[in-house]
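Consider the single chain below, provided in structure tokens and representing the form predicted alone.
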Amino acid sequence: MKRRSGIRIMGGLLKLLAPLLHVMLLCITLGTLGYLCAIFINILAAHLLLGVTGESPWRLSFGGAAAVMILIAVARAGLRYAEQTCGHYIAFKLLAVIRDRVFGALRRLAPARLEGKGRGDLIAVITGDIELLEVFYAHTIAPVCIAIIVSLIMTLLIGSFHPLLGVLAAGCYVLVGVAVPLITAKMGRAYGMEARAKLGGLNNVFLESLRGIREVLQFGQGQKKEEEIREKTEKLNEVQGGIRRHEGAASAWSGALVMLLPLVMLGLVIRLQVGFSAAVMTTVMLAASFGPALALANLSAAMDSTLAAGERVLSLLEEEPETPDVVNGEKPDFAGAEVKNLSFSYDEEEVLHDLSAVFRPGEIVAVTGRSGSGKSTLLKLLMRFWRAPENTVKLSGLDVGRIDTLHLRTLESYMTQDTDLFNVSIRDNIRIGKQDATDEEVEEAARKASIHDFILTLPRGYDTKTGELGETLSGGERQRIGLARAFLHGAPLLLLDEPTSNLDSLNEGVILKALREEAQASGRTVVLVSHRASTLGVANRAYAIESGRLS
């Protein structure tokens, strides 16, 4: 993951704020006025006390001062409520925008850039990390600006009694609001990044355990998984304990300074001999105006996890896809596919070497080979999931990199042996292949995939929900629904990776017969990856791949 400074993270997050800048300015204005109201309640109280001795520097009657105190107390409540409303409006609006951008980034990055990423860690980014950004948008931007504005106003006001007192006040605000957070930030930032990473790892273990709960129970792995979860939880707790210690240290230092610095102000006032009333007013002004700076000091601890979350979200948004979408590219009719002198590597590991093959319209072409020989990689390159060297993978005589991405998806259907189903009806799961398909078209595709009769035996037929990840269906049933999708999609190039691996011989025979009839009737090209000799028997031609080479 790309590491960057806290300033750069905040800069990246601020760019997302532009559409709501006017609301943020209103929030800052309301917050500034609210803090000034709170400060002046204390200042007016000091004025009333000095008025008893006749030494107040202001000419304001007791009744007038009391009335103003009541007025600004009421105003303070209203201003605070309005400020918080604006801040949370901004936060929740932007969180929705960020979620939309993150989902868009995941779509662009899939599937190549998401291979190897922990699903639990991605879920932590989508949920927890984005939620943490509320701290930045609702409780960071406005407080920082408010602290700067209020501190400047109070510096000028205190400085009106004596310039050196203004300089001291400015130094006090910087010490509490800037120096303490910066001194403690380095330790907290490291803890924050580690905590987010460990939370993602814990999510991964939970997801794996839930998805494989049957295997965990069957093979007596419950205690092992429990120990693994406990170990990761304890490590996460240790890191979070470090964050809490940082929060405590920052709070203790800032609290001590808030108690000490007014005494320093009082000492300087006495040294400058500016009078009793000035001593009281400037000391009260300083003591009463630490609120915004103290909010920054306390915020720095909470920002540890927030900045870590911001870095993870920004890194995901900025990650470049392996194969960017081609917009306004070529849109040819399908006239066959071929690979020519194709070599391909994952990082340093070569998977395919100098491979050449032709897939003509109307043919069923089998691709065989041992696991790891590169068969599935060949199909992914035909789909342009990964970037192949230029002019080594072609459709209709064109390099796949020149073909419009949306058009390419209409030319190809891709099915793997691990079919992913959504927790909707069987009808809707099949209809993913063609969103505007009629019920008759869905059922026809199901017949070709030898799943129609089974669906009719279910209590709700095609309206039966498949459960999360298709958990209510067997592997063979999920596979046939996936094949029905591919048939319904109607693409002229059908790429099938072990499409009958979970089927019995009877259903396999029905499906292979349907494939042969479909290829003959529609001129559809079928590239069939399989280990089964019975499956390969339907092919017109076959290629055997051995260690990335044709044999």
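One-based numbering along the sequence shown. Bear in mind the structure is a predicted one, so any value in this text is a computation, not a measurement.
Missing here is the form predicted in complex with a small molecule; even so, the following discussion is about that form.
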The small molecule in the predicted bound form: contacted by all of G372, S376 and E498, heavy atom 4.5 Å: yes
I'd like to know whether Q417 contacts the small molecule in the predicted bound form, with contact meaning heavy atoms within 4.5 angstroms. yes
Given that the small molecule is not shown alongside this chain, does R532 nevertheless sit within 4.5 Å of it in the predicted bound form, heavy atom to heavy atom? no
Residue-level contact is defined here as any heavy atom of the residue lying within 4.5 Å of the small molecule in the predicted bound form; does D347 satisfy this criterion? yes
Report yes if any heavy atom of W386 sits within 4.5 Å of a heavy atom of the small molecule in the predicted bound form; otherwise report no. yes
Between the options L294, A91, V351, I98, which residue brings a heavy atom to within 4.5 Å of the small molecule in the predicted bound form? V351
Please pick, from D428, E322, E115, E247, the one residue with any non-hydrogen atom lying within 4.5 angstroms of the small molecule in the predicted bound form. E115
Okay, which stretch from 363-371, 134-142, 453-461, 77-85 lines the small molecule in the predicted bound form, with non-hydrogen atoms inside 4.5 Å? 363-371
